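Read the single chain below, which is given as structure tokens and is the form predicted on its own.
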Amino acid sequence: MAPFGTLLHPGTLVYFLVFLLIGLAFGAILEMSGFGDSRKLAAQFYFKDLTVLKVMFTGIVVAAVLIFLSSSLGLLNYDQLWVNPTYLKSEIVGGLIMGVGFIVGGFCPGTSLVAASTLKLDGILFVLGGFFGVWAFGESVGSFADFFNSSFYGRLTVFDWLGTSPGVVVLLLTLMALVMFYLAEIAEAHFGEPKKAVSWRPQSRPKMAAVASLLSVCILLLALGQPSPQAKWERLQGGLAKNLEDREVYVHPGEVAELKKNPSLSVKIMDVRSEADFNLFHIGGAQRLDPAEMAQPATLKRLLTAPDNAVFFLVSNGEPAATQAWKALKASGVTNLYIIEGGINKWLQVFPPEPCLLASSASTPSGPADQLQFDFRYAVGAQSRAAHPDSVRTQPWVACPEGGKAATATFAELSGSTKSPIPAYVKKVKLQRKVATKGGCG
């Protein structure tokens, strides 16, 4: 499934050659379309020649339709595509500044490079002005950094904002573009030189056929919808299923405890159990993740935009529920995602809770795989020594019921050793750096 990360691996010669060829082809097409001429570009602001507007909206609509249709058909994983993060206020101001520069200079950054490559003087001066602007911005951004970084929304799309499906947004975008094409041709006829008779009724049959075809594809996209996490997993499981079969993603509780002490990592433990089991006992710092909310945009956005040093661990009482959650999130593109081996049951075997917290001294070996096998007297949450391995605390973590005595020692102190009594384990966590393929308007 695309994007083809293994084919175009960043840093390779093939990667640079492919994008070099795309850039050269893009520039050549702009020049052949007349976009290296500032007069043609500036004419759109006077409604005399709206070719730029038509080309831009054509590109936007075609890209949107193909991206989400490919996603619907399982050819593309949209969650792994780079979406520029939104800084609303600063982007509005930046857009206005660029718009004024476009009107005054007659170029946008990409078209100015096209003009400069053909040795047009205005294009060369515009490029030099752009370099000066970049330098001036870099030297002064510290004075308005608070505003520049304000109103941050991360990866925000229109359909996330509206709370609707991508198909609805693509259809509305297409209808808006068609209305703008219609009005653009009327404006060109009225303001252009020489002026033409305004025709309020579309006359071109090929254009009408193209419109009908485009709307048909949009309706098909709306009917197909976007694949669920389960459907994504079915299409991706070829390579990922082997990770499960070889248990490469099941991490021993001891390794998780060790990684939590690593200041260079941000360890996130996501507990997919019921609220009752979570309140009964959970690992220190864990956050409950409702499996029903995993496919929601807000949840995926939080996980997909995590920093490079974030490592996620899923945990349930056993392994089945956490494994299902891993499949759904992995299919949605979440990286550095692992499962705590054996779940909470194994965690409590490796890091036993205070005996006074249990109704019985031994775990119950029977029952479903995802059933908690430790009979707690009452809900302790993370207020137990077992939730914080090797943490030093001079006071008891919990008050034991019925006058029982709570231990204040760490696991290392209880074992009579300066080393943590963690059984030997095989290290499995390998931090995967995210690669964001960024792009923008030419």
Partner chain sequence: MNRLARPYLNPYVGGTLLGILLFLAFFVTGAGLGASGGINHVQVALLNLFAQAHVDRVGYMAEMGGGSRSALNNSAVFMLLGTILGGALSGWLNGRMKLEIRKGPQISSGVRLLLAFSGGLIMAYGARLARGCTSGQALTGGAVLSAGSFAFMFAVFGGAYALAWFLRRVWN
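All of these numbers come straight from a predicted model, not from anything done at the bench. Numbering follows the first chain given and starts at 1.
A second form of this protein, the form predicted together with its partner chain, is not displayed here; the remarks below concern that form.
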Contact residue in the predicted bound form, chosen from Ala295, Ala189, Leu75, Ala231 - any heavy atom within 4.5 Å of its partner chain: Leu75
In the predicted bound form, the residue from Gly285, Gly225, Pro291, Gly110 with a non-hydrogen atom within 4.5 Å of its partner chain is Gly110
For the spot marked by Ile22, Met56 and Leu96, is every residue within 4.5 Å of its partner chain in the predicted bound form through some heavy atom? yes
Please check if Val18 has a heavy atom lying within 4.5 Å of any heavy atom of its partner chain in the predicted bound form. yes
Looking in the predicted bound form, any heavy atom of Ser332 within 4.5 Å of its partner chain? no
Is there a heavy atom of Gly163 lying 4.5 Å or less from a heavy atom of its partner chain in the predicted bound form? no
Even though the partner isn't displayed, in the predicted bound form is Asp122 close enough to its partner chain, meaning a heavy atom within 4.5 Å? yes
Name the stretch: of 303 to 311, 243 to 251, 273 to 281, 87 to 95, exactly one has residues whose heavy atoms fall within 4.5 Å of its partner chain in the predicted bound form. 87 to 95
When its partner chain is considered in the predicted bound form, the residues of 296 to 335 having a heavy atom within 4.5 Å of it are none
